[in-house]
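Only one chain comes next, encoded as C-alpha cells, the form predicted on its own.
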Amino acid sequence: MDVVLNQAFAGLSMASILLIIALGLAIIYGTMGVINLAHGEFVMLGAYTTWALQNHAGLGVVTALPLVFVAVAAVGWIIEKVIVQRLYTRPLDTILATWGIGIILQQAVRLGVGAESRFVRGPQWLSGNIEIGALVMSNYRIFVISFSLAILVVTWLLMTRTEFGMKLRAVIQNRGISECYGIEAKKVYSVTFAYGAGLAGIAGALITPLFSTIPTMGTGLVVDAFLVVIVGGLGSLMGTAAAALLIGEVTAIFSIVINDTLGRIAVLAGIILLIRFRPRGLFPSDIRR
C-alpha cells in the first residue's frame, strides 16, 4: 500500500505536466483544426529558456515562468504568422510543415547550445518533502500540481468569461458569420496558437528540475499529450484534464503492477480499445463544426 500511494502521487505529478502540454494542443486543434507536431519543441524551448535565464540572468525556475511564457509564445506567434496561417485549408501540409519546424528547432538548439544535457536547479524554497505516514510528497511536485490546476482554471476563464473567449468560440462555431460581425479570425488564430505555445513553454520550464534538458526532450512528452487530447475529446478542456489524470495514474499504477514497458503497452492497448468504441473520446466537444 505504501508503494501504491507514492506511485499514485508520482502519477498525479506526471498528469499535471501532461495537462499543461495537452491544454495547448487541445486549444490549437479545437480552434484551428491544426495538428501541431512541433508542440514538443515548444516544450523544449521553454526548458532551454529557463536554463538560459538561470545561468545568465540568475532567475529561478518559478521567477522565470512569465518570461518563458512570453518568449515561447512569441516564437509560436511568428511560426503561425509565417507558415501555419497559409496552410489552414491543407491539413496534410500543416502536419508536414510543423514536423519540419520541430526538426529545425531541435537542430537550431543543438548548433546554438549543444546536444549535451543541461542542469537546472529547482527552487530552494520548494526543496524537501512532506511526509504523511509512508507517503512522501516532494514540495516541488506539489507546487507543479497546484500550478497546473491554476493554469486550467485561468484557461477556462479565458475561454468562457472574456471577450477574446467569446470571439474564439464564435470563430470556432462559424468563421464566415463571425467575420461578418467584425471579428478578425486570423488575429484570433494567431493569439490562440501563441497561447498554446506559451503553455507548452511553461510545461518545459516546470519539468527542468525533474527531466534532462536535451534537444529531444519534448518528443516523448508530446506523444503522451496527443493521447491525452484524443482520449479526453478533441477541443474539450475538462475532457483533457480528466484524460491527463486518467492516463497519468493508470500508467503509474501499471508500472508497479507489472513494469514500465509492459505498463505502457497496456495503457496504449487500452487507449486503442477506447478509440474503437468511443472514437470522439470520453468527453467530445460539440462546439466545432
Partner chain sequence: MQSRLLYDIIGLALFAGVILFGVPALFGYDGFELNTFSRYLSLAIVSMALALSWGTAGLLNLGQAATFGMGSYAMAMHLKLKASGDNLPDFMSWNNVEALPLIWAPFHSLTFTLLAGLLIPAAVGGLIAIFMFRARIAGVFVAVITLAFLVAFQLVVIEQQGLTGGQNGLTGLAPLVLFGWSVDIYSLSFYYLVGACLMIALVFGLYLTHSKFGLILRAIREDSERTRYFGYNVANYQTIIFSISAGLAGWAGMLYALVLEFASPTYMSVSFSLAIVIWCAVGGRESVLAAAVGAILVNLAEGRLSDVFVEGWHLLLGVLFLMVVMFMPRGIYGVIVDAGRAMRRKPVSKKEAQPFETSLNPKRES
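This structure is a prediction, so every number in the text was calculated from the model and none was measured. Positions refer to the first chain, counted from 1.
The next section is about a form of this same protein that is not shown, the form predicted in complex with its partner chain.
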Its partner chain in the predicted bound form: contacting segment from 224 to 232, 46 to 54, 63 to 71, 239 to 247, heavy atom within 4.5 Å: 224 to 232
Contact with its partner chain in the predicted bound form for residue 35, defined as at least one heavy atom pair within 4.5 Å: yes or no? yes
So in the predicted bound form, does residue 107 come within 4.5 Å of its partner chain, heavy atom to heavy atom? yes
Could you confirm whether residue 111 comes within 4.5 Å of its partner chain in the predicted bound form, counting heavy atoms only? yes
Classify residue 29 as contacting or not contacting its partner chain in the predicted bound form by the rule of any non-hydrogen atom within 4.5 angstroms, answering yes or no. yes
Heavy atom within 4.5 Å of its partner chain in the predicted bound form: which of 188, 217, 152, 97? 97
Partner-free chain; cross-checking its partner chain in the predicted bound form, the single residue of 92, 130, 157, 134 with a heavy atom within 4.5 Å is 92
